[in-house]
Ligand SMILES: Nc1ncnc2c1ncn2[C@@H]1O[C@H](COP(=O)(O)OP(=O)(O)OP(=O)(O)O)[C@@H](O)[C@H]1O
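Read the single chain below, which is given as structure tokens and is the form predicted on its own.
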């Protein structure tokens, strides 16, 4: 039976007097598609930032496969196989699709800066290997026809695919997706759903934030629900849908109406 890959225990993050994440605990098992949902401003992205080293929580523990990673830098966390995408796409718009994906290989490269001036046989082999990995992602995400296209000229949905391809080029063990369906139409969302299944089938654990509830309920194995920085529910999609606290968080209570 798969063990817990990622374990958050009592994570709390404050910004001055604002508690953005409040005593948050959850665990993600190897091979799961795990969802984090909640209303806007609930603290979901802040929690992701605490996992990936962009923020350091004031309290609590973030463990990856038994190792405490709270306090590590983002690149140290990436080096352990935890890779993410962002709510707002962050690509190099003037660079080609292939070049953007190649930028994700930087942490895997054994080259030094001076290899660009004095290439060695080893650096050439490394470069060739990196481009082979880029080609794999172009094929996996069906981007072969756009390899030389400037990324900024692509549709929003296509840019989402490039962003995910770049993340996968890092060869993650845990892929963290922050609202991957944001801005996508129905066709693109359906394609995204199938892509995430394919990523999971490659042995990659997936942790995501998403506001498309139909997509979340269809694809995730397990969910945590956050409101005002605190976890208010967790369980399978069916269990979460029937939870009164979740219904109130999304729809409000009769007392709120009054």
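From a predicted model like this one, the values you see are computed outputs, not experimental measurements. Positions refer to the first chain, counted from 1.
A second form of this protein, the form predicted together with the ligand, is not displayed here; the remarks below concern that form.
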Since exactly one of 42, 196, 207, 50 fits, which has a heavy atom within 4.5 Å of the ligand in the model of the complex? 42
Heavy atom within 4.5 Å of the ligand in the model of the complex: which of 32, 189, 46, 27 fits that? Just give me the one. 46
In the model of the complex, does residue 249 come within 4.5 Å of the ligand, counting heavy atoms only? no
Indicate whether the ligand has at least one heavy atom within 4.5 Å of a heavy atom of residue 87 in the model of the complex. yes
Against the ligand in the model of the complex, would residue 238 count as a contact residue? Criterion: heavy atoms within 4.5 Å. no
Residue 179 near the ligand in the model of the complex, any heavy atom under 4.5 Å? yes
Identify whether the ligand in the model of the complex is within 4.5 Å of every residue in the set 92, 95 and 125, based on non-hydrogen atoms. no
Looking at 63-71, 199-207, 213-221, 34-42, which one sits within 4.5 Å of the ligand in the model of the complex if you count heavy atoms only? 34-42
So which residues in 15-29, when you check the ligand in the model of the complex, have a heavy atom no farther than 4.5 Å from it? 15, 18, 20
